[in-house]
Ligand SMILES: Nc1ncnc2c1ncn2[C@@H]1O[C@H](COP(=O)(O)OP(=O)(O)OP(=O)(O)O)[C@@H](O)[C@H]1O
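In the block that follows, a single chain appears as structure tokens, in the form predicted on its own.
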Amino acid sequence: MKVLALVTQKGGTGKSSLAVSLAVAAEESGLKTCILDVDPQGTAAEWRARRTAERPEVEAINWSFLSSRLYTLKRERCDLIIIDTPGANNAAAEAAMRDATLCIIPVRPSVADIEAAKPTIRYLSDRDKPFAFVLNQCPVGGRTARTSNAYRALQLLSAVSDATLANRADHMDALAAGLGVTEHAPSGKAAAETRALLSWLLAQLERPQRGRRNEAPAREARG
């Protein structure tokens, strides 16, 4: 069983929308998937309440029960767990980061988002936890200069997904309808980007995980 945790103290980066659409795409690829929502805001759990399909399973739980629930899901032969966390570095986020196979930091292509991710990066680097960045809510129209500059800046800190997600209405519409973006518009660009991201993440999960790529990025993140 693999565990992905979506973490960052910056609000509005699209963690919940990303969590549910990745989970749906993973189910469509044949993986038994569960979302654990440890965010008191409960966006993923509310999405589940609007949904008619039974899977993926979504559970809103207190962070203090996270480890025990993961143990049970492993015994139930779940393939992939996606943890949706609060937009803050608190006990819930720390529990998710501790138990994750790989931590994903969604970042919009802006200096403010990259700077806001530094506390999360420091926490993960200090504990030698593997993490990677996903550029989310990027300008529509291909790899813009702003997206390219953010990609290069993030590469200095850790791995960055080659698959970027544009700021497309399909993501918001799917979330509102209780759907994943690959269900809402299966042939759309947002769906294709989400499938590409899932493929990249699954490949990362199969690789031997290391927390820090080298000492230089960790020192830079502490600056």
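Since the model is a prediction, treat every value here as computed from it, not as a measurement. Note that residue numbering begins at 1 and tracks the sequence as displayed.
In what follows, reference is made to the form predicted in complex with the named molecule, a form of this protein that is not presented.
Undergrad: Pick from 89-97, 67-75, 132-140, 146-154: which stretch has a heavy atom within 4.5 Å of the named molecule in the model of the complex?
TA: That would be stretch 132-140.
Undergrad: Has each of 57, 184 and 195 got a heavy atom lying within 4.5 angstroms of the named molecule in the model of the complex?
TA: Answer is no for this spot.
Undergrad: Contact between residue 41 and the named molecule in the model of the complex at 4.5 Å, heavy atoms?
TA: Result yes; residue 41 sits at the interface with the named molecule in the model of the complex.
Undergrad: Is residue 13 part of the interface with the named molecule in the model of the complex - any heavy atom within 4.5 Å?
TA: Yes, residue 13 sits close enough to the named molecule in the model of the complex that at least one of its heavy atoms falls within 4.5 Å.
Undergrad: Any of the heavy atoms of residue 175 lying within 4.5 Å of the named molecule in the model of the complex?
TA: Close contact exists here: in the model of the complex, residue 175 approaches the named molecule to within 4.5 Å, heavy atoms only.
Undergrad: Taking heavy atoms and a 4.5 Å cut-off, does residue 168 contact the named molecule in the model of the complex?
TA: Result yes; residue 168 sits at the interface with the named molecule in the model of the complex.
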